[in-house]
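One chain comes next, on its own, written as structure tokens: the form predicted alone.
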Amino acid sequence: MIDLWGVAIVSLVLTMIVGIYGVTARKDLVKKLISLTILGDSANAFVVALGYRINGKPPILPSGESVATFAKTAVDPLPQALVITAVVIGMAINVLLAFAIIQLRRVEA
């Protein structure tokens, strides 16, 4: 029996390795930017996977339930909040890098 959770984690780690390889081994700046995007997105998915709990409840405290019981069964919302922030910051960095690459190509031409 194949553990799908394990396959997902291994595929995320392999995707991060591909991103690291692209950033370090490629000489073209556009390919480096694409690899950096792949690395960032796979790292974000990995962080969300770390906070996931199988058969977990949404992180909203229902009325009548104790906090201790709720904390044992609820999904941790902190990784999701951090990833949302990382996605926005990553998008801004990618736009800035793309603009810099375009300007470098214009200067070289």
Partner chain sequence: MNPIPLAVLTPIAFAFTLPLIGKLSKSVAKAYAVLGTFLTMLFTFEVFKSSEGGPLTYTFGGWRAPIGIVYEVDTMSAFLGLVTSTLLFLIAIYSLEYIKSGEVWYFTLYLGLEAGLIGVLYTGDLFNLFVMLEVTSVAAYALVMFNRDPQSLRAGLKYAFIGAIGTTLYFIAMGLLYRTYGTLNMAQLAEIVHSSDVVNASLAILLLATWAFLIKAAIFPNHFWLPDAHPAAPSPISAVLSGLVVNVGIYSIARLYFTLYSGLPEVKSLGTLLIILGAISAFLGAIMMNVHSDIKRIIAYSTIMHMGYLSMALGIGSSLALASAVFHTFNHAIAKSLLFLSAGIMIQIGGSRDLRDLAGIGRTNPLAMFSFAVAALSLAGIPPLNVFSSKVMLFTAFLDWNPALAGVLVVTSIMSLVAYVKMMRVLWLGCGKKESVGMPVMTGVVVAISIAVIVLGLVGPWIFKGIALPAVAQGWESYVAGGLGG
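Being a predicted model, the structure only gives us computed values, none of them experimental. Numbering follows the first chain given and starts at 1.
There is another form of the same protein, the form predicted together with its partner chain; it is not shown, and what comes next is about it.
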Looking in the predicted complex, any heavy atom of Phe70 within 4.5 Å of its partner chain? no
With the partner left out here, check for me: in the predicted complex, does some heavy atom of Glu65 sit within 4.5 Å of its partner chain? no
Wondering, does Leu50 line up within 4.5 Å of its partner chain in the predicted complex on heavy atoms? yes
How about Asp3 - does it come within 4.5 Å of its partner chain in the predicted complex, if we only consider non-hydrogen atoms? no
Relative to its partner chain in the predicted complex, which residues of 77-109 have a heavy atom no more than 4.5 Å away? Leu78, Pro79, Leu82, Val83, Thr85, Ala86, Ile89, Ile93, Leu96, Leu97, Phe99, Ala100, Ile101, Gln103, Leu104, Val107, Glu108
